[in-house]
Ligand code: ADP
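Take a look at this single chain, the form predicted alone, given in structure tokens.
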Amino acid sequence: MKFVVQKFGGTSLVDEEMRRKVAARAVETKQEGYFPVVVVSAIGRLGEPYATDTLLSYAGCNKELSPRESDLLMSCGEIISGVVMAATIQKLGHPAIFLTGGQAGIITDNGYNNARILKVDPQFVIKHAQEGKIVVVAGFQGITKEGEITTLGRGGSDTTAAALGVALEASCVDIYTDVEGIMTADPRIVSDARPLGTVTYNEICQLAHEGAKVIHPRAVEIAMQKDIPIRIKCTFSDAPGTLVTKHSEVYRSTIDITRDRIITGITHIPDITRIKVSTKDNLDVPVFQSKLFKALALAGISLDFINVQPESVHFTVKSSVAARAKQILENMDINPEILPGCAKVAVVGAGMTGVPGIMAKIIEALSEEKVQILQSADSYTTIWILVKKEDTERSIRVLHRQFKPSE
């Protein structure tokens, strides 16, 4: 059986006209000889009556709402969306059936609000597809071995689609959004940003982790398990979108690859605070450093951009938790230096591995624009720089201009 998993986000489902377009895409896929499995998110965004954040707002005054109950509440959005989508497909004259995440075989651990998928048993999906039905599945949710409903965290519908794609050994997983694929930069910042025809799994994971919001990195990591291709496409356009695969060269026959691309895209994460702690006056620096990191970990504060030196420790946190991190350190008689209002800008590209001069070009471009680099780090596929908030957009534009990933 040739399955194609198609995931549609909430903005693709907000009204009857849009839902009919989604249904038509599923029907078209079936007519092409595939078995479509449609994964849906909750309808709309905050303010829409059945969006996830709206559902949570109904219980906003109840501070005693447990993670279990909040998962039950949040799961309702995808159930409503899925039932409506199945009905829309049926209106087009094609049989369809809706399955919750649990009915579709998504088995998770007990991590309410951010559960991990343990296994997928798609027997009911296969059964209904064999009967000629278009199967609609609620994204973002699963069920524990004990029968408790769980949710998969923000972006969880992408994860559902990828997990089903792997379990069904699908021909591909299509992630439909309101943009025409993965862009070389945020088009709201860079006017000449362009969609990328193809990217590797590693590149898209880095782009997603560093601020690109088109697909959740967990979904990509799951699809990598069996090299299931992912296509990022626009619900309202026939543009080819972006193909995500292990090796883009495999698709030379269908995609025009004219050169080896060094840099794939520029992305960023705003609202970051840098914290610096001096270790000069400590007799046992390793013990001091260990206590520092353990205290922040026990408080559930995630650290990034960590730089441990003999006389100091630098790291960043989300600005929303900076005050709490500062208080924890002060309770340990540590007087940290706090630099709020920062942003992390990432230059991503699998082609940079082993290529000299990339950092030199970054420094050259930013220095010409009088942008101060506060901190930097690198990996095989990414170079990160920390800049002041007011320099963020200027940094993205000049780096995009320097590396020309859209060409």
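Everything quoted here is computed from the prediction, not taken from an experiment. Residue indices: 1-based, along the sequence shown. Whichever C-alpha set is largest while still superposing within 1.5 Å between the two forms counts as the rigid core.
Below, we turn to the form predicted together with this ligand, even though it does not appear here.
Put simply, residue 97 is far from this ligand in the predicted complex: not one heavy atom of it is within 4.5 Å. Mapping the unseen interface onto this chain, residue 109 falls outside it, with no heavy atom inside 4.5 Å of this ligand in the predicted complex. Although the partner is absent here, residue 181 lies within 4.5 Å of this ligand in the predicted complex, judged by heavy atoms.
Contact annotation: residue 202 falls outside 4.5 Å of this ligand in the predicted complex, judged by heavy atom distances.
Just one listed stretch, out of 211-219, 160-168, 116-124, 129-137, contacts this ligand in the predicted complex at the 4.5 Å heavy atom level, and that stretch is 211-219. Checking 226, 246, 188, 276 for any heavy atom within 4.5 Å of this ligand in the predicted complex turns up a single hit: 188.
When this ligand is considered in the predicted complex, only one residue from 88, 177, 75, 316 comes within 4.5 Å through any heavy atom, namely 177. Annotation for 33-47: the only interface residue with this ligand in the predicted complex is 45 [heavy atom within 4.5 Å]. Residue 396 shows a C-alpha shift of 2 Å or greater between this form and the one not shown [criterion: core-superposed Cα displacement of 2 Å].
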